[in-house]
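Let us start with two forms of the same protein chain, each given on its own as structure tokens and named structure 1 and structure 2.
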Structure 1
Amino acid sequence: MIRVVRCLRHLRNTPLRSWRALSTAATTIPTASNQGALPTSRSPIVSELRFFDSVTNEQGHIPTYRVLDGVGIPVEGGQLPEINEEFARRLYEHMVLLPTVDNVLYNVQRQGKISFYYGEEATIIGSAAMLAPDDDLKLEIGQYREMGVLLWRGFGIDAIMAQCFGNLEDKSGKGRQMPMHFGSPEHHFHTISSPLATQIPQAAGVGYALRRDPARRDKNVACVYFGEGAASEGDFHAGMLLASTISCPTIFLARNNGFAISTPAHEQYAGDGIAARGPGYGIDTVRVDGNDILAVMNAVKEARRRCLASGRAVLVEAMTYRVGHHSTSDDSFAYRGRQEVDNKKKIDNPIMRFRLFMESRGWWNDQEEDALKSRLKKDVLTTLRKAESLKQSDLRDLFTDVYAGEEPWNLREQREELAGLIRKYGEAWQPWQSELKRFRDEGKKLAD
């Protein structure tokens, strides 16, 4: 029966006598070389029944691209990106800055001064360095590692601290967002939102908009960051489908760090990671060592070139490991061993790998390392002390920037109701007195 079904297309124009001979002689079944393909597919017709579970020709795992080995030595055949000492130093400084800010803000959250904090160096800094300053970025809050992109673009430590404390210098959301929910039109950084994976289809739409803009067409791409946990959401597939069917120059950058909060990767999917899904959507795909900043730079640079040349999306899967907890509300040692984490820190540290590479070229030494860490820590602590001393923005800002134009009636009613409550209880109830003093206008502008 299988033999007859496979041959139906060939039999349409076959005389009856020939058909009878064909149906009884298995050795006369045509091979794929002269069978052609189905009208709606480029898939060749074959006579062998074969199932597959891999997108590689060898039925093996998708390879991971690498330039530097674990001790910073270029691998045989590896091509270094164009990089000089000055640029390497800038890359390294930003890589070291990230854990410095992480450690300080982590301790601040534990002291109760901010409500929530979460803090991958080579993947984030390497990719940011290869994107144009005006490429649009859509960020994912599921694993909270993209602060480095903003720092690379000049957002500044002071702006980071202002957002985390929600003070009057917070330009991301005037204190109305959770910590680490950054946004900056100036830096082409779309505001982070908490729901998992919603930014993925949005990024496909941003890419489509860039393609339709004559001023930015063939000049800019969209880039969206997300973790392997977000890739388990339906929005991932919606975004990939959209980007594969219309012209969307969008880089989908998946950071596969092994855990979706506490769920290990092997419990999230049975296939070969996130990269295996790209070819299913007809999207150019590459898997890269996410702890090798030079490999990430090469991969993202080529991905961006392909996006601009074809107007189509590209999927990059960066393989890394989350050595920290998912967030300050997580204790990762409840689902993995301390020894596992310690081994990863020692064996495959992205910062140490790049430092060893720089030292091998005479671009870095121990004295410079000590000076850098001391300076960065001082800068971060100075900015921290300033941020926590500032008041919050005006309480009235709770109702501004929601809609353009005239304030709608429903917001006006809510604002007036809150103003009435403040007049009634603001002077009479001590908790409200203390809370109102935290705002620059102490709530007095609400009735304006």
Structure 2
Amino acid sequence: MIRVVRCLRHLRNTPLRSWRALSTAATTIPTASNQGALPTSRSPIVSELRFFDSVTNEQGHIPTYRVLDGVGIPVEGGQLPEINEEFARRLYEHMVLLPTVDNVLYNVQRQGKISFYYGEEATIIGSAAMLAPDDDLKLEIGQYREMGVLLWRGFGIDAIMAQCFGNLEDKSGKGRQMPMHFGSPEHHFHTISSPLATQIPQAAGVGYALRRDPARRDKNVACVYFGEGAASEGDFHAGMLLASTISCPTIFLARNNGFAISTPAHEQYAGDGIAARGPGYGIDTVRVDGNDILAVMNAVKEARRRCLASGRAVLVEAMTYRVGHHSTSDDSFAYRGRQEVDNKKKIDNPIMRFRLFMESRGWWNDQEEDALKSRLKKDVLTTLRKAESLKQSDLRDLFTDVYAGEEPWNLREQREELAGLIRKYGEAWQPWQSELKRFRDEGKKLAD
């Protein structure tokens, strides 16, 4: 038994590509004959039998675009985006804000105050900054980890906390969804849902609606964020197909952080990541170093320009590394080495990289770093204390918003039945007695 486990571990640690490469000769396209092409294809007819695998042979890898190296120095030939001190500081503050909120919520979760929390040090500030040139006209469909986009757009830490605690100020979902499932029409951020990848074909539909809207055509794009694990779902395939054939101005932003819970990327796919799939769908594609905010900014800005110019989809794959656990329900050291994670944190930390760049320009120093960190921590803790002191929404909201318009008889009867039960047992049944006090209406509006 032990032997088998060891074998499996060995397999997992061995890059599949090493033996795959042996079986795949470098590919060159055989010379076209004078046979023309088949009616359903533009493919030239040839007489030589050859199998193709354009993504797993050594030459075929899509390169990763980078502007800053690991210590914040511009790489040779790298084109810096237009960036001044003020904008850089705003970017940096938002980058630092994410782990600050993360850490506070993470610790709160450990104390059992909120039920669930997904956290990741995000590098999406760069994409958020390029997606929102003039505030609020952009439409996002979010995935779990996109809190940063909302913060960039001014959603506010208080609204983040309200959602995580599901209190009466939670406009995202009236306390109905698990923490981190934000939404805000005002910030053009569609409410996050747990089922992976379902938002991908929806984003194509959003893009199509934007193209059909005279007020927003040629001005706005849809953008959907997802992880490399979600890209294995059928909905990814559907969304890419729809956006390419129906021509929907939609940016597909894949964050490839190497893991989907415990599953490493090489068990997720055998090809060259997510980017290699883009050309198969006829979609302009770029791979970018996701820990390099300036590279992300350049890539997303150009992706957005192409998306608007062509009215078609664009795929961006940002390569990152998930240094935190998948969620608070997960201990990632069960499937990867602590040392590996520590190395990544030190060597390839997106915040550190950008900080070093800013310091090299004289835009940042240790004193400012300390001041920023203590200010942000104070802000976050203040909003946290407020959020945890507030009551939940009305218990009545358990039954509202299922349908628009007239409330169906079954919901009305069930609501009234619960109201009756609470009148009867609300005081006598301890589990309800204490729980009722958490709600603004204490259950009293249920029968209204």
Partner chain sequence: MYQAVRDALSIVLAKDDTAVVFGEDVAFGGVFRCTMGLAEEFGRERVFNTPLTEQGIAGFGIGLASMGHTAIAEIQFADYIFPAFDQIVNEAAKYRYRAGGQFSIGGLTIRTPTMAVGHGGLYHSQSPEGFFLGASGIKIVIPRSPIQCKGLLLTSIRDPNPVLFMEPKILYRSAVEQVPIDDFNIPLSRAETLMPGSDLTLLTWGTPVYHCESAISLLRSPPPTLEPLVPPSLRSATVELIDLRTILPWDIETIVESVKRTRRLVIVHEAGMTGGVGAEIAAEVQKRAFLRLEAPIRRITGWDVPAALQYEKFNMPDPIRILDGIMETLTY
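Reference numbering: structure 1, starting with residue 1. Heads up, when I say rigid core I mean the largest set of C-alphas that superpose within 1.5 Å between the two forms. Note that the structure is a prediction, hence the values are computed from the model and not measured.
- Source of structure 2: the form predicted together with its partner chain.
- For Leu381, the Cα coordinates differ by under 2 angstroms between structure 1 and structure 2 after the core has been superposed.
- With the core superposed, Val46 shows a C-alpha displacement of at least 2 Å between structure 1 and structure 2.
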